[in-house]
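Given next, in structure tokens, is a single chain: the form predicted on its own.
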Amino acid sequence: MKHLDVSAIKDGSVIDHIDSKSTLKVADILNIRNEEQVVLVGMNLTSKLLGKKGIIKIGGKIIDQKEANKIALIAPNATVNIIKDYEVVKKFKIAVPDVLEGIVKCFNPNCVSNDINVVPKFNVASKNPIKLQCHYCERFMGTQDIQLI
């Protein structure tokens, strides 16, 4: 079997074990627009865990908690590796937090969070499958209703 070697990044982040169909959504969350950044997006790679997976390498960018929380909603099996001087200095599995603030828009058009300058807030009622409850209107949302902000 032939392998393709991908150059290592000096400093940055690697998001691995992304469900293949969610890879481009995760890339969107990361807002990769800097023409100077080294970016690798791989899709449909062989994975023992997922069958097919995606991976994203970004030079010069460290994933923050807000981005990790967004990724958790789209790719709950993902792992993040933080790279410094070509070495993994931190590795963690993405996890959906118990409360999400300023990450998801309420799908209820009558919710107060859509009318005034209020930060949307959701309690996570279920992590598998994802089920969110709006703090303000108390409506429940599933994965298909999630609109990231």
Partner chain sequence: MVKRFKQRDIISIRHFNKEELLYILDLTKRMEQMDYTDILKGKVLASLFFEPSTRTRLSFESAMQKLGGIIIGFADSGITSVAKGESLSDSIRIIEGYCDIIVLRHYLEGSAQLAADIAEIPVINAGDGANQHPTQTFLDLYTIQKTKGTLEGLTVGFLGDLKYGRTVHSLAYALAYFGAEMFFISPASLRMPRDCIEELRNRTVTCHESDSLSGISRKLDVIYCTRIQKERFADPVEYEKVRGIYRLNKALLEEMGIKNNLKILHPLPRVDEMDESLDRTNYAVYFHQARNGIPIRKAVLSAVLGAIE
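Residue numbers count along the first chain shown, from 1. As the structure is a computational prediction, the values presented were derived from the model and not from experiment.
Keep in mind that the form predicted in complex with the partner chain is missing from the display, and what follows is about it.
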#### Entry: Touches the partner chain in the model of the complex: K131 (any heavy atom, 4.5 Å)
yes
### Message
Taking the partner chain as it sits in the model of the complex, is R139 in contact with it (heavy atom to heavy atom, 4.5 Å or less)?
### Response
yes
### Task
Flag V112 as yes or no: does it have a non-hydrogen atom within 4.5 angstroms of any non-hydrogen atom of the partner chain in the model of the complex?
yes
### Message
Can you work out whether V118 and the partner chain are in contact in the model of the complex, taking contact to mean some heavy atom pair no more than 4.5 Å apart?
### Response
yes
#### Entry: Proximity to the partner chain in the model of the complex (heavy atom, within 4.5 Å), stretch among 76-84, 55-63, 104-112, 90-98
104-112
### Query
What are the residues of 72-92, in order along the chain, with a heavy atom within 4.5 Å of the partner chain in the model of the complex?
none
